[in-house]
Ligand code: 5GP
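Given as structure tokens, the chain that follows is alone and in the form predicted alone.
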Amino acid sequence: MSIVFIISAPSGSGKSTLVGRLMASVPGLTFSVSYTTRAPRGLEREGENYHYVSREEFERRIEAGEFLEYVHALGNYYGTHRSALERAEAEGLDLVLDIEVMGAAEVKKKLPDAVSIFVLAPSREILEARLRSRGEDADEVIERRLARAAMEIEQYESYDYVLINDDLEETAQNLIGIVRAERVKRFRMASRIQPILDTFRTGSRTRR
């Protein structure tokens, strides 16, 4: 059974960089490339950053029940296709989702054992500086992102873990540590522990 890791953060918090570090450092993970109706930005590429589809195509997929979760944010749809989890389970991999707060809540309802991680910038001022340094958005869009961030941050208590990204290297190592620790939780190891216990029980009966 695949472990689903949900990673959420306000835009500009460094989430994409952290996910990249995680994927490069921990084997056995696969990343779910979300679908969106927004246009590509900068050097973004189809199938690598997002699957870019029209609004009509996205809504057709909603009607067909194809999404594990989806949200409408800042005028565009974003969603996780169910096939991402199906492929992860077929390949014996754990799945990483980079999704919005509302989408994370939807996934947790459907998959209560999913592990949720929220990433915070150290302050509003730092988050705004990061958004402006990207040079991708107009002032109006940045203000909308900051307003949305204020609402998203209020939901941090619904997450299993919270990381404050004030030092990228330290935060990346903490994220990697969370994934590794979750993999060895007792209830996840049950299928591997039982055969070991059986060897001791068998050995004890043999000696008698």
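Residue numbers run from 1 along the displayed sequence. None of these values were measured; they are calculated from a predicted model.
Separately, the form predicted together with the ligand exists; it is not shown, and the next lines address it.
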Residue-level contact is defined here as any heavy atom of the residue lying within 4.5 Å of the ligand in the model of the complex; does residue 74 satisfy this criterion? yes
Taking heavy atoms only, is residue 34 within 4.5 angstroms of the ligand in the model of the complex? yes
Does residue 183 make contact with the ligand in the model of the complex, using a 4.5 Å heavy atom cut-off? no
Under a 4.5 Å heavy atom criterion, is residue 99 part of the interface with the ligand in the model of the complex? yes
If the cut-off is 4.5 angstroms on heavy atoms, which of these, 144, 38, 51, 61, is the one near the ligand in the model of the complex? 38
Kindly indicate whether 11, 69 and 78 are, all three, within 4.5 angstroms of the ligand in the model of the complex, using heavy atoms. yes
